[in-house]
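Below you will find one chain, with nothing else, as structure tokens; this is the form predicted on its own, and questions on how it binds or moves follow later.
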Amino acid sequence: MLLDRNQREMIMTHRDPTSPRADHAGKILVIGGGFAGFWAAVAARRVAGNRAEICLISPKPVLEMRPRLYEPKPETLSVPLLPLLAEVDVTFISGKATDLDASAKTVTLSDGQRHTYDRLVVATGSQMPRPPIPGVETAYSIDDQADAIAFDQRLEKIAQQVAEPTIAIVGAGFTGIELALELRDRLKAHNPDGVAERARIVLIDRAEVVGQHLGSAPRPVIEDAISAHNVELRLGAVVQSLAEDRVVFRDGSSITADAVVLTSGMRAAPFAAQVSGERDHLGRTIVDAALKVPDVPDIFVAGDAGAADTGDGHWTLQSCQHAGQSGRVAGENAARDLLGLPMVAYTQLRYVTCLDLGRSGALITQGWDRRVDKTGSEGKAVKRLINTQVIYPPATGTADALLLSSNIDLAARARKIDESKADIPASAV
């Protein structure tokens, strides 16, 4: 049995609306239905048992598989949240949070609904900033599932109607690389008659090197894959303006394209600005070791909305790897703080980079210096496992499995999963 008797009774008692609530400590409100928000809510339930009401606010009751949106069939890349939240008795509130009154402990939604809290977890994620250049609104993106679906629909039309298409990708970072190296197979899936191999794919960046923020160690592997995929690099190029069919550069040159896709990084979503406190250059709220906002009572920030020391002097990255773990810790600490228990420090077990290289496999690196660990088909097997299993909630979807997967000790969680022989992969997020 994965849960001991006391834990199981606490959960089941909370799910019974007729049970006594004399020991009810208050309400934990989680804003955001991404990796951080979802796991914060589940972890809070694991710690609080029947002693707290837990609610999650998000515009839609789905967990978008955002790290996979460079892949084909983006309409399939989400997980319904309502059945999972019901298993652990977390109330879902549909809406977009727009205003925070920390003194009144109230969150207001765009439709005017107001929700109070005793502890708040802000996990509102990030969004791709569009640079202030003319025509930027005409470019496609894969920033969220709706955007990725719209781009895929355009890609299908291109594959069926254009004999020798050109696709320009502005931004040669992590997302831009993965998308560029996946495009030929995506075009082929829409039309197997050779258009994929005839396509011109251009990857553009103002930096002088591809994958600038990925460091120098993995770059030769990335460059080899780009060459093998016949992807054209336009580096050191400053974009002056965009249009539906064109990229114009500051030097006066231009590229005519059948689709322009923007992959210009991420910044904290706007709601993070509602939280008082210091911010970093990405608009993230800087939090302490417990992921609590200094000098602001009862508020925790996790995932892409927050910046925290990972426990080894490095700052969190805006990635599902850090969002999942920081969400778990924020949810656990929100419940601990509410119940008067000592809080725990956020740490990340390890840092791993997993970059899809399309037909060239994948690149797996270890550590903050990104030492190359696996490449080719071996790397692809790891990347596929992560993308199709590890980042997902447990396949069984039961309360036992969810609560087990919300354990903040990644090593212990992996051991317990192995001991239980449950169909739950050890989480790398």
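Start at 1 with the first residue shown and count on from there. Note that the structure is predicted; figures quoted are calculated from it, not measured.
One more form of this protein should be noted, the form predicted together with a small molecule, which is absent from this view; the next part is about it.
*Asks:* Can you tell me whether K383 touches the small molecule? I mean in the model of the complex, with a 4.5 angstroms heavy atom cut-off.
*Replies:* Although the small molecule is absent here, K383 would touch it in the model of the complex, with heavy atoms inside 4.5 Å.
*Asks:* Whether A123 contacts the small molecule in the model of the complex should be assessed with a 4.5 Å heavy atom distance threshold; does it?
*Replies:* Close contact exists here: in the model of the complex, A123 approaches the small molecule to within 4.5 Å, heavy atoms only.
*Asks:* Is G95 part of the interface with the small molecule in the model of the complex - any heavy atom within 4.5 Å?
*Replies:* Within the cut-off, so yes.
*Asks:* At the 4.5 Å heavy atom threshold, is I57 in contact with the small molecule in the model of the complex?
*Replies:* Because a heavy atom of I57 falls inside 4.5 Å of the small molecule in the model of the complex, the answer is yes.
*Asks:* Name the stretch: of 231-239, 192-200, 214-222, 318-326, exactly one has residues whose heavy atoms fall within 4.5 Å of the small molecule in the model of the complex.
*Replies:* Of the stretches listed, the one contacting the partner is 318-326.
*Asks:* With the small molecule left out of view, which of D152, D337, D143, D89 would have a heavy atom within 4.5 Å of it in the model of the complex?
*Replies:* Exactly one residue meets the criterion: D143.
*Asks:* Please pick, from P67, P393, G379, G49, the one residue with any non-hydrogen atom lying within 4.5 angstroms of the small molecule in the model of the complex.
*Replies:* Of the listed residues, the single hit is P67.
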